[in-house]
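Shown next are two forms of a single protein chain, provided one at a time as structure tokens under the names structure 1 and structure 2.
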Structure 1
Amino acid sequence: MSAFFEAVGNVAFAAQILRVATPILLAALGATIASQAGCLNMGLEGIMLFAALTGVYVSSMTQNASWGAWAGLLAALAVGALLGALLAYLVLHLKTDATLAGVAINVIGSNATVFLMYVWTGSPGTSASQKSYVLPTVSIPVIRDIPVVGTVFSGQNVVTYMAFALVAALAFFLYRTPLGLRIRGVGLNPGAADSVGINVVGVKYLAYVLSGVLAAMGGAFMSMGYVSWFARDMTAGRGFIALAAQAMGRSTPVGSMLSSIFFGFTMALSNSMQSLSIPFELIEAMPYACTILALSAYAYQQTRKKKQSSGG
């Protein structure tokens, strides 16, 4: 038991929670903005995988240590935007079921990235043989010198800071700007929005594209923030966990952030427990088991509220 508390009862563990929560948070924000427009982006996992591979590939091709990682990030975001637009086209124009369209992107992403990586590197496992670059970490003046606080909040990857800044930015965008209000209006009542001249299809396209960009940033962080290479299915279900975080957060930026931190805690706990004498399979299953339990508790709470509101 003492080994367990030594593994999780330290400042480094708290810093790890923020790092592990970053890709989940970004994808959850993508799911949030899609949900606010009345859309469902089930393709988060596939978008993250495509973005992760694209970022590493473009970064490697630049052979430039100063801006190669940034070029990879921009390329990953562009791929996320394209996949978001593709998903919107499938759902809004071809009338494909949103769930099936998203699942298709996930399946294609899982397999196509392996094929493309094999064509590029000759290896179906990882791209470690090709030199790539990582996005920089940021040491925050003043904060870095504060005991405990500096260890947790300074020295994180730049994308981690961007992710948490995007929570505030997205909240302001959705609740304080005309375009954000249009997005929410379309999600609440598309017929009423259309009656006052809002381009419902255009707004949903925008929501899907922004959703793809945010998910792509999370995918790029996986391959250029965690490490400097792409590995087969390296997102490991984070896109699906992000959907759970968005649902638990009631499709709000702050709620999604809090849920993502919770899931980041479970993943960080899983990582820290690998040094203990606990079966590896049990440790690996822990984040996903916590996801199921959290969603079950959330669904139970929502059911009780509906019964109480209906007088049942």
Structure 2
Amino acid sequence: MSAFFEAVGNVAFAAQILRVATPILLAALGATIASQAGCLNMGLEGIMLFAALTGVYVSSMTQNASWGAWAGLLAALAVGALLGALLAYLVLHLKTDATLAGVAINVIGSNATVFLMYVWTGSPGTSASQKSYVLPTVSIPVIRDIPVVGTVFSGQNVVTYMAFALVAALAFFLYRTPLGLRIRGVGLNPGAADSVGINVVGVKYLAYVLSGVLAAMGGAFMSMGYVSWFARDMTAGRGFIALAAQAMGRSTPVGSMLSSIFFGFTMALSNSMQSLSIPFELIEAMPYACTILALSAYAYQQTRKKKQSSGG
């Protein structure tokens, strides 16, 4: 047990939680906005992979160390928006089942990125042979000098700060702006929203596109912050974890953030506890098992609430 606290009490560990949570948080925010509009974005994983490859490719093509990574990020976000729109088109116009359309996007993302990477680099495994650039880390002037806090909150990648800022931004957008209100209205009751003149399909399109952009930012972080290359299937299920984080966070930005941090915690734990006597695989399974428990507990509580309100 003391070894556990040694691993967890470490300051670097706390910093790592934020780093590991970043891509999950961004994708979970993407899932959140889609869900608020009554849509399911099952394609987060594929969108993240496309964005990760796009970011590396564009930043590498610019051959520019000062703004190359930013160009890569922008291109990745654009690809995310396009894929979000594609998913919206499939679901809203072609009436494809949202789950299956998402599965298709994931299959395409997982395989097309490998195919394109091979065409580009000649390697089917990683893009490490090509020089690409990473997004900068930010050292915050005053905070970095405070002993523990500085190590945790300063010196993170710029995308990590953006991700947490986006939690506040998205909360404000959803609950305090007319457009956010419309999105939630469409999610709650599309018929009613339609009857007061809201363009339901348009709003859902917007939600899918924004969802794609947010997931893409998470994907770009993977290849231009977390590491500095693209690798086959490098998101490793983070798009699915993000869906769980959104469901656990009850589709609110703050809830999604908390559950993403929880996932970050367990994943960082599995990284740093490999030296301990607890088998790595069991720690690795923990975040997923915890999700199942948390989701079940939440669903249980909801059902009981419903029963009580209908019974009493």
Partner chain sequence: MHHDLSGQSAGNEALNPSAQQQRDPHRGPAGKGGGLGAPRDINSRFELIRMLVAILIGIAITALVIFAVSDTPLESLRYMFIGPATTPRYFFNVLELMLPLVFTGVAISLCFSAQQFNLTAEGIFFFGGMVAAVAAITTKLPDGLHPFFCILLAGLAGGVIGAIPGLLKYRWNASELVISLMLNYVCFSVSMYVIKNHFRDKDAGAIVSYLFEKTAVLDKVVAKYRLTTGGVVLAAAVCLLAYLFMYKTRWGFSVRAAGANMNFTRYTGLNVAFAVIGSQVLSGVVAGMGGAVEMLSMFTRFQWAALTGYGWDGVIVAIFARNNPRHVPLAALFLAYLRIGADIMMRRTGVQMEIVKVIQAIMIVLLVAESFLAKTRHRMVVREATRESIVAEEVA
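By convention here, residues take numbers in order along the sequence of structure 1, the first being 1. Small disclaimer: the values here were computed from a predicted structure and weren't measured. We call the rigid core the largest set of C-alpha positions that still match within 1.5 Å between the two forms.
Of the two copies shown, the second one, structure 2, is the form predicted in complex with its partner chain. After superposing the rigid core, the C-alpha of Gln16 moves by less than 2 Å between structure 1 and structure 2.
The shift recorded for the CA atom of Ala297 between structure 1 and structure 2 is 3.8 Å, with superposition on the rigid core.
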